[in-house]
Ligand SMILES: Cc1ncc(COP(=O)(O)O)c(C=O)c1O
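The chain that follows stands alone, in the form predicted alone, written as structure tokens.
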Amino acid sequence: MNQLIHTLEQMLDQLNKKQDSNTFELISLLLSEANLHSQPTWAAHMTPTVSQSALIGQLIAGLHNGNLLSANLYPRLAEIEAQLISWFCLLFKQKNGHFTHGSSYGNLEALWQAREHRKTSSNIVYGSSSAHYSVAKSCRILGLEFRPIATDQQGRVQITELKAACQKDRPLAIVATAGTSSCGAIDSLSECIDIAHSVNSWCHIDAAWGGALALLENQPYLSGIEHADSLCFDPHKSLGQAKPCSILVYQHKLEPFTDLDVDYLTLTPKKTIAGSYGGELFLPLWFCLQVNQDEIINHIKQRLRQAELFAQILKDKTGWTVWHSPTGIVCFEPSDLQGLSLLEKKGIFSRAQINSLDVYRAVFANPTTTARALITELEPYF
């Protein structure tokens, strides 16, 4: 650590000698941008402040810089990875898993697995019209056909329409969403899984945002996930982790590429998208869990409390329509939709759509975001 600090001091001294004011100014601007995430009014996107423990874990990962394609050279790193995967498999009630660079990759890999384990000749994939765009993109990459199913007034997939679609055209897979990006809606997961299995199809759950609920007790929203074929989750969205930090868990064991001749590796690569990777995907989270697992859980509870309080105050003080998701997203339809554009530009809120209806969105990804601070910004528009 002392050597690292010494190196940083030398670099800054070199910049100072070069009188490189432009670089210093740019660094300052970058840090100002980063500081947005720690403000009590930051609710625009799923971009939390990275916890100090995660930053230290990220530093450890950078100093290690190992490549787990050669896991035999890094037994300690491989051991930590295996421990975390086992923990996530237990958390989400799945048998296998691996880390990815984000749930866009997770959705692609899950549908790839569905195609590899196909029990039907169908190339159809069903998901709600509010499913993340990466689902449709994954289908294009894999040569599949994504067919969106309409959502209800809460942004959840309409089960009757999904069932009717499956009866008409049997799908390769159904993608259910646990926490849509627009309003945090959670599809009826157990019903989606039942429908998929009734037609002998794969069911994948995109829990990139809403998967954090699995860490809390007495949460019915993820009920039935043990029967899903795969599930993805992004700790970098809701657990204060640095990007990239994502996990894909699944029931079927991954097979290696038996037809590839890789003459420089001792182990044959498995059928995953990622090639080289190391501790950058999981050491920050591992270090956080080692330091204080309760802090992560308390942060989840804090941001969900603030989201609930924000929604309640809006309902009490305005006549606006309010959507409150248990995942920590609150959407609202103000009387003057255009009037809030300044708050949008400041990163306080963002725009979204629920069933083609334009709304404003508050994302409680940070435990530092407070309902009172957001209400103070909104009060002039009541």
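Numbers for residues come from their place in the sequence shown, where the first is 1. All figures in this text were calculated on a predicted structure; none of them were measured in a lab.
Beyond what is shown, the protein has a form predicted together with the named molecule; the following relates to that form.
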**Fill in**
the named molecule in the model of the complex has a heavy atom of only one listed residue within 4.5 Å, and of Ala352, Leu68, Ile313, Met46 that residue is Met46
**Fill in**
The one residue among Ser230, Ser103, Thr151, Ser138 placing a heavy atom within 4.5 Å of the named molecule in the model of the complex is Ser103
**Message:** Which is the contacting stretch out of 152-160, 72-80, 103-111, 285-293, given heavy atoms within 4.5 Å of the named molecule in the model of the complex?
**Reply:** 103-111
**Prompt:** So in the model of the complex, does His132 come within 4.5 Å of the named molecule, heavy atom to heavy atom?
**Reply:** yes
**Prompt:** Looking in the model of the complex, any heavy atom of Ser122 within 4.5 Å of the named molecule?
**Reply:** no
**Request:** Answer for Asp187 alone: is it within 4.5 Å of the named molecule in the model of the complex, judged on heavy atom distances?
**Result:** no
**Item:** in the model of the complex, Ile174 touching the named molecule (heavy atom, 4.5 Å)
**Value:** no
**Message:** Residue by residue through 222-251, which ones have a non-hydrogen atom no more than 4.5 angstroms from the named molecule in the model of the complex?
**Reply:** Asp234, His236, Lys237
